[in-house]
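Just the one chain here, the form predicted on its own, laid out as structure tokens.
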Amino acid sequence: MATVEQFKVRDEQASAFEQDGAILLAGAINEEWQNLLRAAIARALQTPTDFFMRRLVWRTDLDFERFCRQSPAPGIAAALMRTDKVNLLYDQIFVKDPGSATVTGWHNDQPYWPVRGWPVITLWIALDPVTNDNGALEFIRGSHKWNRWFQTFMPDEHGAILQPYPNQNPAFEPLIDFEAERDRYDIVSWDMQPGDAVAFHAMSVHGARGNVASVPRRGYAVRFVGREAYYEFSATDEGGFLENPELNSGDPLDSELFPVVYGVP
């Protein structure tokens, strides 16, 4: 792929990320990278699969791997986390087709993953225009600083809460019905254009609206961790899809499954 310009994170954007836990990065991913992702997503969707199995796709498609390693995304993550090394945790495809009106339940991500430490981030990249009508993401501003680890749940194909995972972590607290109490919280959301990205901390409480529009909402999320993060796996982790036999609890994530994609080990 041709060399393309890199998106530069401004210091005020890094400060806003630290303060709010979620920010919009307009124009973060240029059209060349967008087209690569659209083609790769089209290939991935040719094989019917469970919604939440559309993850770790970088391991089966070279274009997803190219994006995770060579696009502006790792550098953006490094700048926002203010770290000098970034590991890829995993990637995931999110598609809400027209009429998929189910609301994605409120949650924070890090309780699902075998990762501890502060620098853990997701870049969620829009490949279609995103509005309230077709599934915009919503975030509770500042919730990444609560240090509240909410119990995990089993989602349906659109991310709605079905039931708690059977192996609940006794250290986590019950999930709050944020939707019923949404007036109590500072909730932020953005309309997005293709190539825009929302960057959010893995402890930020978030959800997504359903798609009641006539157009799809395709998104691609890449999760990264910084140098200070470390591996910690337990039987309560969701499905075990990130269990890594190369690592022990407390280890840096450097491994075949979690490669270094920015900086040096």
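Fair warning: this is a prediction, and the values are worked out from it, not measured in the lab. One rule holds for the numbers: they count along the sequence shown, beginning at 1.
What follows is about the form predicted in complex with a small molecule, which we do not show.
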May I ask you to state whether His144 is within 4.5 Å of the small molecule in the predicted bound form, using heavy atom distances?
no
I'd like to know if Ala208 sits close to the small molecule in the predicted bound form, meaning any non-hydrogen atom pair within 4.5 angstroms.
yes
Consider His107 of the chain shown here, and say whether it contacts the small molecule in the predicted bound form, taking contact as heavy atoms within 4.5 Å.
yes
Closest heavy atom of Ala221 to the small molecule in the predicted bound form, within 4.5 Å or not?
yes
The unique member of Leu137, Ile121, Ile76, Met192 whose heavy atoms fall within 4.5 Å of the small molecule in the predicted bound form
Leu137
Within 4.5 Å of the small molecule in the predicted bound form, heavy atom basis, the matching stretch of 198-206, 225-233, 61-69, 26-34 is 198-206
